[in-house]
Ligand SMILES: Cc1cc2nc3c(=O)[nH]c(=O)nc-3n(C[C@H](O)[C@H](O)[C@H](O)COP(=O)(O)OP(=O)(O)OC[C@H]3O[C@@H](n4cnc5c(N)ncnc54)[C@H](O)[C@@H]3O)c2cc1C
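The chain below stands alone, shown as structure tokens; this is the form predicted on its own.
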Amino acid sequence: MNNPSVVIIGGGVIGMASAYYASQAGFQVTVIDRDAQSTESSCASGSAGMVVPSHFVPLAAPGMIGTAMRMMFNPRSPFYMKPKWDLEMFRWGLAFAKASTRNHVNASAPLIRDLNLASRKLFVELANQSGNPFGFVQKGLLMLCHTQQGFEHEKQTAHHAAQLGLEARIADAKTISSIEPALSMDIAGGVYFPQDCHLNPSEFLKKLKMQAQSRGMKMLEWNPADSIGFMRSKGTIDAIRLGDRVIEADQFVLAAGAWSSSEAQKLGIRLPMQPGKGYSLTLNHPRELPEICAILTEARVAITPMNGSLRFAGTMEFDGFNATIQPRRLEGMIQSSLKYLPAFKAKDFESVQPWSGFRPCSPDGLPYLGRSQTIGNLIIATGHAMMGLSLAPVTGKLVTDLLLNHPWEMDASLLNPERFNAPNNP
């Protein structure tokens, strides 16, 4: 008797983590991706590489609308939304505004915390089992505040974290320097989250792929010119048509990141999503190399040491699938970072090749994760925004539990992938 089969649409970090755990559970796995040869096109590959239990506040939170409005007309700000008439963007914005409440944060924070802590535990297991080829480091994260106002705001977040049972240490500039002596800093203070971690995301993706392939996972190239066709009957998917190929399976997983919405639409499922473009710059020979990853809070820039290099990652740019690199946004990211890090100079970044990727952003800041209510053999796993890497292992594990029809140990009803299908939702 053949093992049960699953087709996973999307070979990014969520799709690959799902493939890893599904193949481990004995499934015959086929992954369809736009780049079957490499993992470098994944949104996670150029990310900050952080595992962040400290990030328990969803993107949709009180004050975000006002902050976004103030930033969007500054071409060098960390946030940009291109003004244009787009019905889907308008509806996404309405849903985002509706979700940006204190009640939403209070309901979501414990779940996001639990998901991140469970994922962190799985990262530890993966590193221990594999010999840690992806440089997993358990030294925490520093939230660095350049201004006193920013410091006061981070103190509030630290208090909220403590209420959720997370470790958070408020520290003045001198104490922060003792925690991270390798980095010169111009800061008012900060918060240290010792449970956070960092790693090399590209190497992590390669390891997941190699392990899944060693168990028989197949990779198929998804040429953008070939539209995926779903062959259906009686509330299920029988097969996928990809060009002149037909791929049959018992179950299907939609994990195509920011491209998931258009595929879900073919199945009659509304999956509101906007691609939020992020940038990163990696200095191979930085003037200073910290041991702990950090976020420059007011600048909204993350810095992460990776195998002797230092990665700067940031911005959130909403302009559809426009892959054009905006030099002024990079300039803004660099200039704002230099305010915190006096040892670095703008010329350090002159010859650095910028990277960009599209984060899949849901309007309420929560992932879409669960079995479809309308298509019995379809599981949806996408919409993780900036936390795709951090939540990848737990997402892959939960997807595999669904494939096996095993109940989840946590209540993740807030992640219902068809929560926006109701008529009263924007």
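Just so we're clear, the structure is a prediction, and the values are computed from it rather than from any experiment. Numbering starts at 1 and follows the sequence shown.
There is another form of this protein, the form predicted together with the named molecule, and it is not shown here; the text below is about that form.
Judged against the named molecule in the predicted bound form with a 4.5 angstroms heavy atom cut-off, the residues Ile14, Ala48 and Gly278 are in contact without exception.
This chain is drawn without the named molecule; in the predicted bound form, the residue among Met386, Ile375, Met64, Val57 with a heavy atom within 4.5 Å of it is Met386.
Shown without its partner, this chain lists Met217, Cys145, Ala256, Ile112 as candidates; in the predicted bound form, only Ala256 has a non-hydrogen atom within 4.5 angstroms of the named molecule. The closest non-hydrogen atom of Asp33 lies within 4.5 Å of the named molecule in the predicted bound form. The closest non-hydrogen atom of Pro360 lies within 4.5 Å of the named molecule in the predicted bound form.
Contact between Tyr80 and the named molecule in the predicted bound form is not found at the 4.5 Å heavy atom cutoff. Of the heavy atoms in Pro417, none are within 4.5 Å of the named molecule in the predicted bound form. Heavy atoms within 4.5 Å of the named molecule in the predicted bound form belong, among the stretches 259-267, 185-193, 126-134, 159-167, to residues of 259-267. Residues Ala313, Gly314 of 295-329 are found to place at least one heavy atom within 4.5 Å of the named molecule in the predicted bound form.
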